[in-house]
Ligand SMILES: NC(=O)c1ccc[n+]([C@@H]2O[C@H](COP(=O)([O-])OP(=O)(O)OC[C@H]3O[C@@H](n4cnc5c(N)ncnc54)[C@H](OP(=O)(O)O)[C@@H]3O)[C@@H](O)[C@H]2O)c1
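Below, in structure tokens: the form predicted alone, a single chain.
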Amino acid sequence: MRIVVVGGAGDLGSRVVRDVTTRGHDAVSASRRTGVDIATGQGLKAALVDADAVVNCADDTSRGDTVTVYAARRLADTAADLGVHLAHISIVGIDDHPMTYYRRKLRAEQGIAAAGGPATILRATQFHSLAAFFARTLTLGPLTATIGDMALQPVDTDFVAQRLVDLALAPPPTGCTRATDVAGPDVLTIGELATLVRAHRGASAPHVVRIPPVGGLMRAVSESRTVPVAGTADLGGRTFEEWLAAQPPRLTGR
């Protein structure tokens, strides 16, 4: 099969490309580096001609709606016109979450459904690297701040990539459907994440300071709305500790 991976040069996309190739199929990485810009539509239709499926891993949080919402809809419309199955990555728990980025991801899902073509939306929890970033960002010296009872159920990026490839290689659905959500094996509080991250670089456990949730956004974070309800998600991939053990002592980036 010929699988086009939009955003194939990124972290998730490159893993999807690798997994498609490992399974013996033809993976085509589509990004601005290869002349495909889903924000403008440049090269998009040509890239999807003769494709059996397209996986959308492209996003750019710095550009507002441009990529997250509008480009996703453009991709969905183009795929629908060509009858190409679209597999799209989204986020667990965005239906009732006031965070602006999560609202954009929900609008992207709605746009994909409205396009009318064969599409499968896969929602995942936060990647391990992002969970570690949150823990580092909320830690200052020996103190870690947590908003209420904030917790995450981070997932291994490779596990998500593999599931996206499973969906792309499967028979296309009729219209738009949602796959079972995916998440990592463990639910961890910010204090637990920070303790693991600090121990990884040889530091002692932090003192956790609880910040009372005030306002809709902080309440949503405190209620851990991006943690799937027990029994509703497929769990798999490396645990956060297993992922962390493979990282350098000093973590950087997201």
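Model, not experiment: these values are computed from the prediction. All residue numbers refer to positions in the sequence shown, first residue = 1.
Missing here is the form predicted together with the named molecule; even so, the following discussion is about that form.
Engineer: Should Glu241 be counted as a contact of the named molecule in the model of the complex, where contact means heavy atoms within 4.5 Å?
Structural biologist: So Glu241 does not count as contacting the named molecule.
Engineer: Does Arg210 make contact with the named molecule in the model of the complex, using a 4.5 Å heavy atom cut-off?
Structural biologist: Result no; Arg210 lies far from the named molecule in the model of the complex.
Engineer: Hey, in the model of the complex, does Val67 get a heavy atom within 4.5 angstroms of the named molecule?
Structural biologist: So Val67 counts as contacting the named molecule.
Engineer: Is His97 close enough to touch the named molecule in the model of the complex, meaning at least one heavy atom pair within 4.5 Å?
Structural biologist: Outside the cut-off, so no.
Engineer: Do heavy atoms from each of Arg18, Gln162 and Pro185 fall within 4.5 Å of the named molecule in the model of the complex?
Structural biologist: No, none of the three is in contact.
Engineer: Counting any non-hydrogen atom inside 4.5 Å, which residue from His200, Arg32, Arg225, Arg219 sits next to the named molecule in the model of the complex?
Structural biologist: In short, Arg32.
Engineer: Using a 4.5 Å cut on heavy atoms, which of Ile38, Ala27, Ala53, Ile190 is close to the named molecule in the model of the complex?
Structural biologist: Of Ile38, Ala27, Ala53, Ile190, the residue with a heavy atom within 4.5 Å of the named molecule in the model of the complex is Ile38.
Engineer: Of the listed stretches (166-174, 110-118, 145-153, 87-95), which one has a non-hydrogen atom within 4.5 Å of the named molecule in the model of the complex?
Structural biologist: Correct option: 87-95.
Engineer: Just give me the residues of 40-59, first to last, that have a heavy atom within 4.5 Å of the named molecule in the model of the complex.
Structural biologist: Stretch hits, in order: Cys57, Ala58, Asp59.
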